[in-house]
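Only one chain comes next, encoded as structure tokens, the form predicted on its own.
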Amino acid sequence: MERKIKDSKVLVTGGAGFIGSNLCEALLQQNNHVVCLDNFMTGHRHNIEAFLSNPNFTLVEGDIRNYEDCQKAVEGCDYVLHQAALGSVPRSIKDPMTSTDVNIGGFVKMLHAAAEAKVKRFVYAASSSTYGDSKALPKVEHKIGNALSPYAITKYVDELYAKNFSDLYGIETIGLRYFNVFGRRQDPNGAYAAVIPLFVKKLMAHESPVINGDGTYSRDFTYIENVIQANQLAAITPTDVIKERQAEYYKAIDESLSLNHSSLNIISEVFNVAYGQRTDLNELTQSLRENLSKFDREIAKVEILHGPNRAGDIPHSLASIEKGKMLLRYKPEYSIQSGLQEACKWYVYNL
């Protein structure tokens, strides 16, 4: 069975961002026509500069909060890979209104435009923040806790809208709950930079990174190539194949869940996208220092500092990826160790 999107027209919203630009690159290499919709609020032109001369790449500079922009971008597309969002838990706590406007209002506009355009499938970036205060490990898709931030609420509401639109309008939707994605093109700058690029930037400048808390908080860090794989499998795995595997999966974990999904005529699902391994922040920082010191020995001497815990953070996160393995045949190829080697090498030559 084919595992990559080929010879199709694909809309990548947020295509100038970290994940979006990597998706655009992979899709172009696979002989697709790629439409990138971005307003450059958090994305960067330099991420897509190499694609602008490609005749199979179309940039639509617009905003998902503008319905006409959504309609223009999705016209004639086979698939939508919806990555556009205003990320960051701290940002949403500081400014919940804008996060809600973009992540819910913009999501619904894009989803509705895709339904009207009759795309084959709408794949969207969900979030592991949806698990909230649930202490259960590993995280399984059908068990979530109470949200700990406005950002987490927006991403869960998106899942509810996706299911509702599938029921009402017949559009197939798949949400991918990303777990701490990292890799090339992830921005190390700005107040809301993710921990890996932020720490890489500090270490390369021989400055001490500051870990929030004692460093025992852990995450399921996920390299970008695993995310690219998951998006493509989510887009093209045939409906009848997913439905056949659904019955087996839900029956195995809970008969009542199997009954809830047995009457579906279309697909509306959510999957964890991760590697399935937990790494605490102390281990992460040490791995970064070891990888980067191969290029600059002085980095091995940089001191690691500790600060207070950050509001809205959960102590531990670890994904079960069994559902993705069974229904989509998702098989992450990069571990945290191999991903960090690739990411550090990229930052050394591109920062």
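In this text, residue numbers run from 1 along the sequence as written. The structure displayed is predicted, hence computed values, not measured ones.
Keep in mind that the form predicted in complex with a small molecule is not shown, yet the notes after this line are about it.
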Review point. Pick from 276-284, 79-87, 165-173, 132-140: which stretch has non-hydrogen atoms within 4.5 Å of the small molecule in the predicted bound form?
Key: 79-87
Review point. Is there any non-hydrogen atom of residue 125 lying within 4.5 Å of the small molecule in the predicted bound form?
Key: yes
Review point. Looking in the predicted bound form, any heavy atom of residue 102 within 4.5 Å of the small molecule?
Key: yes
Check your understanding: Is there any non-hydrogen atom of residue 294 lying within 4.5 Å of the small molecule in the predicted bound form?
Key -> no
Exercise for review: State yes or no: in the predicted bound form, is some non-hydrogen atom of residue 27 no more than 4.5 angstroms from a non-hydrogen atom of the small molecule?
Suggested key: no
